[in-house]
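Single chain ahead, by itself, as structure tokens, in the form predicted alone.
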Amino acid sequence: MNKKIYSICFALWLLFCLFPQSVQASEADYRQGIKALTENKYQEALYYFEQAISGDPDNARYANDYRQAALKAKDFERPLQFFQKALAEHPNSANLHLNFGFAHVDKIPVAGSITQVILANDALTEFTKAIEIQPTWIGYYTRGESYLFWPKIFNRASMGVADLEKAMEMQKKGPRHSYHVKVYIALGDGYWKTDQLEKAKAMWQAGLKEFPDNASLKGRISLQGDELKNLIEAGFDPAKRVNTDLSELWEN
């Protein structure tokens, strides 16, 4: 009995010792990746970022900067393959699912029209898995905004509104951040897409009270009719790259 207890305690101690070392190693790899990136050594940077993520799969900073490096390298396939492999080893990592979804979004502008639909749907699948594992502001905002990109015939705008309303509830419960303006814009757009024009205007006006210098909100408030329609729809053009850089979440 004593030997069994000793074995269990030893195993726990060993795991405790090894985990910090793994995190430290990941941070060292991450720094190597940043260094390589500043020197425009993209393939070297991607390698080190992958090593960092493998050692610390829930680190959002590592995964985000890895994707941004892949964008600079114009390598859209490598992140898809890497995150798929990483998820086979860590299927319950919300961070990996979220960034796997973003990797699909990153490829959409360079894909054909049929492939764009497949990529967009696969991205939604990953965002949903991330939310199921860990409901977060960024998860609901991201999936909600993604639903709004779909043409009206798919009837997904109302699903986007529901997600964005959850994101709004979350941000109202915590400290104010500059990136929270995105939900005011997106939720207003969602109301507009679901023919709730008064609610759309009210949301944009509420956003302006919180963020009075925001140009996107000012533009929406000042326009109407076809001009407003053109402004909003221009933001949902699949040929235009969506900014999937999450660094403001921890830099703010």
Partner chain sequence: MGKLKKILSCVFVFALLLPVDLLGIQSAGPGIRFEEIGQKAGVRVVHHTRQYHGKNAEVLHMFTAGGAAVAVGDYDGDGFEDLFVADSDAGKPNHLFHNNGDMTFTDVAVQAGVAGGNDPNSIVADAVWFDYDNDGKPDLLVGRFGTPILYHNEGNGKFKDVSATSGLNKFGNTIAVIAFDYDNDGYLDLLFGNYFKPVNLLDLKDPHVLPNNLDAATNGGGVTLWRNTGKGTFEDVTEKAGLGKLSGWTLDVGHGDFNNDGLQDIYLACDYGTDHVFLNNGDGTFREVTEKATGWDTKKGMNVDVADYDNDGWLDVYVTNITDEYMKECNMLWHNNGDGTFTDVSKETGTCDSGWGWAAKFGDFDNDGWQDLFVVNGLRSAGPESYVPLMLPVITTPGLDITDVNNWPNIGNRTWSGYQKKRLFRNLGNGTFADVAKDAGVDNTFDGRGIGIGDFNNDGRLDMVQTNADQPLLLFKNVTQNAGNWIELKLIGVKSNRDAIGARIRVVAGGITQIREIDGGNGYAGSSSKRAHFGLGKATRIDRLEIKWPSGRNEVVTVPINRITSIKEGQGVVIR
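Residue numbers count along the first chain shown, from 1. In this text the structure is predicted, and so the values were computed from the model without any measurement.
Same protein, other form: the form predicted together with its partner chain, not shown, and the subject of what follows.
- In the model of the complex, its partner chain lies farther than 4.5 Å from every heavy atom of Q81.
- Put simply, F154 is close to its partner chain in the model of the complex: some heavy atom of it is within 4.5 Å.
- When its partner chain is considered in the model of the complex, I114 lines it closely, a heavy atom lying within 4.5 Å.
- Put simply, F102 is far from its partner chain in the model of the complex: not one heavy atom of it is within 4.5 Å.
- Only one segment in the set 126-134, 144-152, 84-92, 69-77 has any non-hydrogen atom within 4.5 angstroms of its partner chain in the model of the complex, and it is 144-152.
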